[in-house]
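Here we start with a single chain on its own, the form predicted on its own, put down as structure tokens.
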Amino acid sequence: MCGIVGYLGKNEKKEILLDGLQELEYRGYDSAGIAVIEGEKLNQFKAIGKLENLREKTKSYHTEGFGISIGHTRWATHGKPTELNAHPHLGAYSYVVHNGIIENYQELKAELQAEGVNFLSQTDTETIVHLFEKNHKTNKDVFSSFEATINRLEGAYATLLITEADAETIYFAKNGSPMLIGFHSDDVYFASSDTPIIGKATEVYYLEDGEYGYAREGVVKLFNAEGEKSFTKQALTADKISAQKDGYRFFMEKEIYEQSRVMGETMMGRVLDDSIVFDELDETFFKGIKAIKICACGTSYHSALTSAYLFERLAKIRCDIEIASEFRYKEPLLTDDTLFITISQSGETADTLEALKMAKRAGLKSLSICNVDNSSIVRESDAAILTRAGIEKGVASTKAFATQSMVLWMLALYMGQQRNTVSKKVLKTEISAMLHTPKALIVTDELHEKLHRLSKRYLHGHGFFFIGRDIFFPLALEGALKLKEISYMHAEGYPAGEMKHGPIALADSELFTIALMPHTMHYDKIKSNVEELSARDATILAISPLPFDLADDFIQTKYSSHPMVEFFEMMVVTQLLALEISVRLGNDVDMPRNLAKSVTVE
């Protein structure tokens, strides 16, 4: 969540900032702002709501000549979404933008207020600029004052600071929140991720935790706790096609349709005719490993739950799944014979990252499954497997979940190979199913049109139950989450066998039941569970390759040769159903209220 853009150079700064912030919209935001210093002249603009509001405020403002500039999209953590709380935050003569949370801000704020500093906002970020100016009063060297400031900060931060006291320099620091530096000729760019600087910068450096420094006249000086350090730039991709909607109504819709293609890329070079191969892992990676613990949040947690069935079934290894935000505070028992796996679309999920650091301190070997190379979780892990899903701009994750689930399925089979728990016959069957998965993910016009028509029946009622058994229980959780995220309607995922233990009390004609009824796994048992709901007059939407006479609505799936192939086909149905219901309700599917794409605070 939140986005940072910075630029130092001679080009039109306003447009660089606004275009960059536009590319960060997918991270979620409720306000935005920019600040520019050209010569001795400082200008700032802020607006709540969409970036169009900021564009409107700045339409008559233009920049020319050399200058420094910073911009920010904010997702509220401390204080309501207001212009006063929007970034950049102003001191007497300096501006700051910041992602993350300053955990000791209340202590710093009280200290500053006691010295007569007046705070305008409710944010933790404003403490940074006032602390800097306090340091600058006693130490006229700007860089030393900035160093002293960041040394007082506790928590997660990526921050840029500009000041009239040094009007040709951008100061930066990174700890726990992502930030990178882009380069092109004498121009220097800063951003929270690649997308704002693609097409502008040609090289990039991804800042590590604890690094800070300044950019001046096209030169970047980098420091850490040990002093000044050198750094190596790397080439920045120039491909922005994947960030466009390509004619689809929403990024989420485009990304649902992309799943068939990206699944092939996820498997490429990894799924061979007779084996699973991960070049990212050496042959000794699993040596001494007797158990797996997976930590994740949200959608990634659901892919983890799915994998627990697969690891124990195929690799014959104990697999425990943890919600990262709970794991961090339960004083977990961690032993060095456990492989610690973290899953995150962005690689910046704060709770998951902190859980990983806990595991590393306990001496556990770590593996991350992520969509973003060079992200914090990838860099922190001993090894990483990239999902290769491409940029996912829809806040409600679709192709990230699909590719995470595939990577985990492949990994379970890979471990089965390593541990000799999978026969050649089973291996052949699993690989054949994997290779058929892209076909199961194809969205046909017939399927999409049917779900569009059905969606009008599901706009009212007192809630949804998504039910399934085995691996289809985590899919039920994910289907319910997708609907909640973008329709704002109440939905729950349940193990079908648990309905009789309480939830069935809610059953009536206004309760919508989405029943995942695969042919290959426990069909008769879930059929019985759905019949119980139907007998209580619940409205039933059955998703199955087999017709179900008691269903009020029925989506017939095509593939029934393997549970995971059915899993992925039913996943697409639940995604499209959530999409079409939300569209009919008039919601902004790509930017659901209160949500952010990359949750970089706990």
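Sequential numbering from 1, following the sequence displayed. Please read all numbers here as calculations on a predicted model, not as lab measurements.
One more form of this protein should be noted, the form predicted in complex with a small molecule, which is absent from this view; the next part is about it.
**Q** Just one of I150, L511, M434, L481 has a heavy atom within 4.5 Å of the small molecule in the predicted complex. Which one?
**A** Of the listed residues, the single hit is L481.
**Q** Of S193, T266, T163, S300, which residue is found within 4.5 angstroms of the small molecule in the predicted complex when only non-hydrogen atoms are counted?
**A** Of the candidates S193, T266, T163, S300, S300 is the one lying within 4.5 Å of the small molecule in the predicted complex.
**Q** Contact with the small molecule in the predicted complex for A396, defined as at least one heavy atom pair within 4.5 Å: yes or no?
**A** Yes - in the predicted complex, heavy atoms of A396 and the small molecule come within 4.5 Å of each other.
**Q** I'd like to know whether E485 contacts the small molecule in the predicted complex, with contact meaning heavy atoms within 4.5 angstroms.
**A** Close contact exists here: in the predicted complex, E485 approaches the small molecule to within 4.5 Å, heavy atoms only.
**Q** Is S344 close to the small molecule in the predicted complex, meaning a heavy atom pair under 4.5 Å apart or at it?
**A** S344: contacts the small molecule in the predicted complex.
**Q** Whether T349 contacts the small molecule in the predicted complex should be assessed with a 4.5 Å heavy atom distance threshold; does it?
**A** Result yes; T349 sits at the interface with the small molecule in the predicted complex.
**Q** Among 94-102, 525-533, 489-497, 388-396, which stretch has residues with heavy atoms no more than 4.5 Å from the small molecule in the predicted complex?
**A** Partner-contacting stretch among the options: 388-396.
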